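Before any questions on binding or motion, here is one chain by itself as structure tokens, the form predicted alone.
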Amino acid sequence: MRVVALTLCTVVIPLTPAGYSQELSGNGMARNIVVIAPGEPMEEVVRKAAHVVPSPRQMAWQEMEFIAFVHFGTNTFTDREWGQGTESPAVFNPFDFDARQWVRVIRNAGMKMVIITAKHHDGLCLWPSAYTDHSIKNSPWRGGKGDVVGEVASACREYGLKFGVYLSPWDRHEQSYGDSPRYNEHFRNQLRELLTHYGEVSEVWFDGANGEGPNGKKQVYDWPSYYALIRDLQPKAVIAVMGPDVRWVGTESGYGRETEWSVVPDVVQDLDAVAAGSQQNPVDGAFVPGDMMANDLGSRKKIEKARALVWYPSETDVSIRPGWFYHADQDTRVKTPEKLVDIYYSSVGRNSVLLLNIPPDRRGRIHDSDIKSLTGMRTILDQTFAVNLAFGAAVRASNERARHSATYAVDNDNGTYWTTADGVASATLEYSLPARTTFDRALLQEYIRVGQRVERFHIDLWDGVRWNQIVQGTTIGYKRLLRFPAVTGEKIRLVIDESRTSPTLSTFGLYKAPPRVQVQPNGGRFEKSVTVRLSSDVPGVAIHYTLDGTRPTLQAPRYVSPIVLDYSATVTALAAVGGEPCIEATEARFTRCKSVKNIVVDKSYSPKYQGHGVVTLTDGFRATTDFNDRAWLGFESNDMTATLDLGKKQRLSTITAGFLQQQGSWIFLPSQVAVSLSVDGKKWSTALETACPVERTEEVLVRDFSFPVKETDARYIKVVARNVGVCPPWHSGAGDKAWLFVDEIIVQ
């Protein structure tokens, strides 16, 4: 599925020759690439992989963990996502612009850097560029004397945050675009302005969006010259994601891989260029376009036949809203604190850096709805990670290297670490806690300055008789966060089942999240009634709930006995401690509908978006606006025909089918939906139809198509949804295969 208009390329940064000591080389330089000789045995390839490490700039970037994207510009005022380049600079006029407010909000949310969209695809420069008139110097804002980039950079310095820039290579306004030599010079000139006028720049962010210029030719970007300029003017800056230092994780959902390797194979092809490269500077031109979106990028199977291995970590980007720019109609669709926390665990907690987009509104301020969610997210994380319950634990390792004892994993110092003797690739660390303790979160960090090594691990709890596994994982990397049902005990063990060489651990932590409510069952469909029970993982706390999907307050009903539902409802519940409601709420949606005995889909859905099979359509669990939430069936170019069997003839009233619209990800509503009924599965009634002409929109939504069937008797129901087939001419993917995403066919 083509979810964003990016054509990713990969680049490497060769530094020192390969070496295999546990420490950095004497000159302090990182070895973030290694070449594999033809015919090297697998054992040697794995050993080399274990000793590839981040460069200093990559390490500094990784340690930020959580950073901000800020999309602001022409699209903010035209209510679009991608501008045409024909918009007048006069549309840009925020009436209450405050970059300091942006940075305060971002800092208070725990983020460490701001990346501003200095120029998006429409070409309007948010600084007074000397190389174009399509700039805010020709806008009414600040009388043409304003500089958004400058004010953001100044605010970052004031509040102690790092500063980065996004500069779109695609420029739909610039007349030289498509004349490759001329435009590349123009682009370098604008890049030079950004890298010399605003102090230290810590990240330069490029995407791969590309199109034809006014001359009808497609621009060829001179990436090596862009990189050389950045290395010369801002040598500490990482270049992402069309660049050598940081790669795109592969989706814009905010969710990284369960198994995330920072060491990946074959992103460099020109090995002669690597060999000829300086020890001091990267060979940034030694790259080829490559697909870095597979689920498995760095396993033993993937590196077995590698020609080179490079440290190339992932950045996980997502917007706090459905769109990347501000749209007033999305003020009620800001991601909840709970959703942001889930994204945090699934990005920062999976060896990635989270890049969260927060788009300012037309005033030039971050909207209150976004601030509320960010504040709630920060509160949940702070309450969870305030106290490491493993700190001070007595720890015993099955093996440890001299000067790297197991106590270093629980000393709250990431600069120290435990590791084993040479040749010991699996080990156990046993922790005796100071007292009997309840916890439901674990944090692990490898000492990646000497490499990423752990391939598989698990954590056990001692119940007085035996060890019981509570959670397991694969890679750790810079940071791994694990969630599991609350357990109580005073003795646990971490078992490193498999590692590429001597494993390392700089941090081990145990934590307890704020009290959270469990809903049983956790939603779904029912026919007549359902009994819902609420409980908390902390005994004795008060639980408040609502049935209409709104967030409970202390004035909402308090749970005292099971809730019996005989109608569709959304149960939302939270715990209260000491008279104060907890931030994190739990939601479960219940749908009253007919039971479906069997369902058949006559055209194949994509194996990439298969939910949990055809039952996904009738299980009562509604998918979200995130197409990656594993609750959608996705059809690439194909129509969908689903035939439902109720098991017996029944009186029906309404048939409803739900579809996703996200045109920016090539996902369109069906052009037509039709429903027909049958008693015997052979003779079908005249279909009820509704047409849905394709309309250009940036709105992301789930739309239900409902068909009243006027108290009709039937056993079989056929739902046909027509895919638009290909993206329409006005779409950036014109002619590409379009997607149809379906979930929940509800029979009432």
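None of the values given here were measured: they were computed from a predicted structure. We number the residues from 1 along the sequence you see.
What comes next is about the form predicted in complex with a small molecule, which does not appear here.
Residues placing heavy atoms within 4.5 Å of the small molecule in the predicted bound form fall in a single listed stretch, namely 113 to 121, out of 540 to 548, 87 to 95, 113 to 121, 360 to 368. This chain lacks the partner; the member of D440, E151, D207, D342 within 4.5 angstroms of the small molecule in the predicted bound form by a non-hydrogen atom is D207. Listed residues D411, E636, D147, E252 were compared with the small molecule in the predicted bound form; E252 is the one with a heavy atom within 4.5 Å. Heavy atoms of E315 never reach within 4.5 Å of the small molecule in the predicted bound form, leaving it off the interface. A residue is said to contact a partner when one of its heavy atoms sits within 4.5 Å of a partner heavy atom; W61 fails this definition for the small molecule in the predicted bound form, lying far away. The small molecule is not shown here, and in the predicted bound form it never comes within 4.5 Å of any heavy atom of W223. Among residues of the shown chain, Y131 is not one whose heavy atoms approach the small molecule to within 4.5 Å in the predicted bound form.
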